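This document opens with one chain alone, in structure tokens, the form predicted on its own.
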């Protein structure tokens, strides 16, 4: 039996769940509440010293890192295939998954903080700068200092606008790819789509659908609506996001949207090309 340690708000965990459900695999879930710090419990750290989710255990074999887990599942359970049958197609898929790992995932943390978490933390009381920065989690003081700036300054915090612009850049790349084919890497649903879905879904969870709605990015809108209609979407995504957290993220996102819209769009309502790299 496959065992997955995961959490509802983790984009990486959603990616693995999506791949597993698409392949029709049976698995046992272990819910690690990362919002309560359960990933730092001694027993979990023995399994994953990094203190992050997801983590897969298959007959005693422990595998971390979401992309590695997805590729492991593809190798062990090749049907239905989530990788193209030719080398060129597989290279295209890996270009997308590499971009997610190296760029979009780090940007997702910043986006979620400046759009949603900051409002919740400020409403609950962030405490003193000293207490916040010296809290002993594995992120380290430098990372906690950056989070403090995200919380206090929002999209005006150092680097925050760059992270938001990065999402806009990749939405634009998706629009280009999806203008040619139904899926990111051609006519076949693949691990590229599995990898990108949680991050577009995070934008939607944060009330940022206007990035592609109203004809702005029609191919992205069509792709995401198709993703949402797959019978695998609910058991991979919606089933695991607590209702209270879902409501909180969406309401905070609506609160943040006007400021972000002003930054991203030109006066004519188009995506501002000056944001693209």
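Owing to the predicted nature of the structure, the values given are computational and were not obtained by experimental measurement. Numbering follows the first chain given and starts at 1. So that the term is clear: the rigid core is the largest set of C-alpha atoms that superpose within 1.5 Å between two forms.
Not on display, but discussed next: the form predicted together with a small molecule.
Peer 1: Out of the stretches listed (204 to 212, 244 to 252, 223 to 231, 47 to 55), which one is close to the small molecule in the model of the complex, meaning heavy atoms within 4.5 Å?
Peer 2: Looking at the partner contacts, the answer comes out as 47 to 55.
Peer 1: Check, residue by residue, if 19, 71 and 190 all come within 4.5 Å of the small molecule in the model of the complex, counting heavy atoms only.
Peer 2: No.
Peer 1: Examine residue 260 and determine whether its closest non-hydrogen atom to the small molecule in the model of the complex is within 4.5 angstroms.
Peer 2: No - in the model of the complex, heavy atoms of residue 260 and the small molecule never come within 4.5 Å of each other.
Peer 1: Is residue 147 close enough to touch the small molecule in the model of the complex, meaning at least one heavy atom pair within 4.5 Å?
Peer 2: Residue 147: yes, in contact with the small molecule in the model of the complex.
Peer 1: Please tell me whether any heavy atom belonging to residue 105 falls inside 4.5 Å of a heavy atom of the small molecule, as the geometry stands in the model of the complex.
Peer 2: Within the cut-off, so yes.
Peer 1: So in the model of the complex, does any heavy atom of residue 172 sit within 4.5 Å of the small molecule?
Peer 2: Contact with the small molecule, no.
Peer 1: For residue 105, does the CA position differ by 2 Å or more between this form and the one not shown when the superposition is done on the rigid core?
Peer 2: Shift of 2 Å or more: no.
Peer 1: Once the core is aligned, does residue 117 move its Cα by at least 2 Å between this form and the one not shown?
Peer 2: Yes; that C-alpha moves by at least 2 Å between this form and the one not shown.
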